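Single chain ahead, written as structure tokens, the form predicted alone.
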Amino acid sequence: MKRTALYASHRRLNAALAEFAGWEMPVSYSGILAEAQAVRRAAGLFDVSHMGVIEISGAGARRAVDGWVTCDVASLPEGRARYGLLLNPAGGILDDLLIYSLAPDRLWIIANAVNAESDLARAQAHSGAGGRLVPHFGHIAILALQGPRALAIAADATGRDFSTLRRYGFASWRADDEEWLASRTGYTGEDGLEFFCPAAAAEGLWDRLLAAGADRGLVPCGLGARDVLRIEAGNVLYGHEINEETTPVEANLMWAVRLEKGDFIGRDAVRRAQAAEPARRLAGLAMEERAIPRQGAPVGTDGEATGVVTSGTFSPTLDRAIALAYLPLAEGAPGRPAWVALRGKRRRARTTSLPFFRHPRQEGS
């Protein structure tokens, strides 16, 4: 298995480690639910260096990327990031991405770990002479500092004020002739930052952040807490809510699609899917019994199963089990009685709007 630059730090902190997308990653340190609660109440620090950073540069870089992602890259201002999707010609989702505009002729594409290599191959196949591609896999570390106290901790650890950054904005600087970047993004539903730094500098940054947050409730967090928090926030995960068989219309991701920008791979298929009523759509489920839904569990609102759970967890924020599931359009309306089949027994639930949890954005977000 591959290891991030912070592997030794995880071992020192006695993290429970497991394989994820070919990487040996921390699942938890002090307990998944305790870590999730710490992020909601104070702050949590995550190693997400398994994500893939792909750089594309050159005069034709934006035009090239615009041809194979759903968001509008041409209009993306310098110092801003934008969420987009990579589709196949049938409109199915191959990956969800963040696009960073570092300069008019220079972009970073952040890919899911499980898809990074295939995303790079697709980018190479479709970019042609429009841009120069450089993968930074393993060379750039990514640390996510999330929670209501994240910005104050980051300021103390780095000596920089990030409070004026807007949501999806980022600041970049150079240290020891290396590029650093901090973006006001995250996957938890909380305010916070994601730091991009040279892999060799990751351990030093990790230690400074933990020291700055020691008296503010900051804890190191693993992928288990990250999953709980992203489900609470209604965020999709590749291989669960989205895949090649799922369209942006079904996944409630049309906000990340700009059909009017011009042609891109999958555009015509998405237009057809949008014009027709989808057979299913992603919905939320709040359990009314003490049972935790798991991926693949059948779901229904009447006699027969009409859907399936894509992700489920116990939410410490809501003090109940919750799930994301695909249901027929009419059945997914919030407030409808439902059930989830677990170990041969139907457990009572109720459909609910998404996200399950929404944190009020702080000033400047």
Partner chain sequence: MNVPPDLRYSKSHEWVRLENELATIGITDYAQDQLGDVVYIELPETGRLIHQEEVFGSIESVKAVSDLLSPVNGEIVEVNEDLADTPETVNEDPYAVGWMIIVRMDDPAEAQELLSAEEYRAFLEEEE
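Residue numbers count along the first chain shown, from 1. It should be emphasised that the depicted structure is a prediction, and the values quoted were computed from it without experimental measurement.
Only in words, not in the display: the form predicted in complex with the partner chain, which the text now covers.
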query: Partner proximity in the predicted complex: residue 271 to the partner chain, non-hydrogen atom cutoff 4.5 Å; finding: no
query: Contact of residue 292 with the partner chain in the predicted complex (heavy atom, 4.5 Å); finding: yes
query: Non-hydrogen atom contact residue 347 with the partner chain in the predicted complex at 4.5 angstroms; finding: yes
query: Touches the partner chain in the predicted complex: residue 311 (any heavy atom, 4.5 Å); finding: no
query: 242, 151, 228, 257 - the one with a heavy atom within 4.5 Å of the partner chain in the predicted complex; finding: 228
query: Partner-contacting position among 51, 38, 297, 32 - heavy atom within 4.5 Å of the partner chain in the predicted complex; finding: 32
query: Proximity to the partner chain in the predicted complex (heavy atom, within 4.5 Å), stretch among 41-49, 301-309, 318-326, 64-72; finding: 318-326
